[in-house]
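Presented as structure tokens, the chain that follows is alone, the form predicted alone.
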Amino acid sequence: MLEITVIIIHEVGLHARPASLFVQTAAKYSSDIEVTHGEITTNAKSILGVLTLGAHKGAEINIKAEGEDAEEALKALEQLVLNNFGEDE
């Protein structure tokens, strides 16, 4: 299983539109992907799960992926977060 850690820089954190984009991106890959914030771990392809993380601006999240396209999935999710979900800061 591969994993990365990223910091949420989006003003509202991983909520609403950013959470939706995160889930949509994860869903493009066949790998099993989970995301953790604090004590909560959830399926990265579940919008309700991602919203329950409560990951605010500045939060550190850990993303793990396992499967044939795991590396590609992690790179895409990392870029999404680092690029502020396609929004200007």
Partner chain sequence: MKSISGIPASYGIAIGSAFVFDRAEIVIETYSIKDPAAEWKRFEEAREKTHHQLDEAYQKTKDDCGEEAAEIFNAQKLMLEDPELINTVKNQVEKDLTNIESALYKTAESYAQQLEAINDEYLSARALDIRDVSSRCLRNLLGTTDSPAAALKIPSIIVARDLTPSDTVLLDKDFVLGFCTAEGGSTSHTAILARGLGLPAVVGVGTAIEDIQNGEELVLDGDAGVIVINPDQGALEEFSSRQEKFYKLQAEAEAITHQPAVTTDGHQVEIVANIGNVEGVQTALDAGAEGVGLLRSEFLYLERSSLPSEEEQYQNYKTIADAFGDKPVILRSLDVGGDKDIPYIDMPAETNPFLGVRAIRLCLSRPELFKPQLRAALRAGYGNNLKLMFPMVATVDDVLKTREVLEECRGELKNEGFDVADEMDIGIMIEIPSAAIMADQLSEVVDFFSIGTNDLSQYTLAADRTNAQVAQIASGFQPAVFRLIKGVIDAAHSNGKWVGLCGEMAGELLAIPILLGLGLDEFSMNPPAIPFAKQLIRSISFKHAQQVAQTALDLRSDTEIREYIQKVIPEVNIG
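Note that the structure is a prediction, hence the values are computed from the model and not measured. Numbering follows the first chain given and starts at 1.
From this point on, the text means the form predicted in complex with its partner chain, which you will not see here.
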{"item": "In the predicted complex, the residue from Glu66, Glu72, Glu11, Glu78 that sits within 4.5 Å of its partner chain by heavy atoms", "value": "Glu11"}
{"item": "Distance check, Lys57 to its partner chain in the predicted complex, heavy atom within 4.5 Å", "value": "yes"}
{"item": "Proximity of Asn43 to its partner chain in the predicted complex, heavy atoms at 4.5 Å", "value": "yes"}
{"item": "Thr52, heavy atom within 4.5 angstroms of its partner chain in the predicted complex", "value": "yes"}
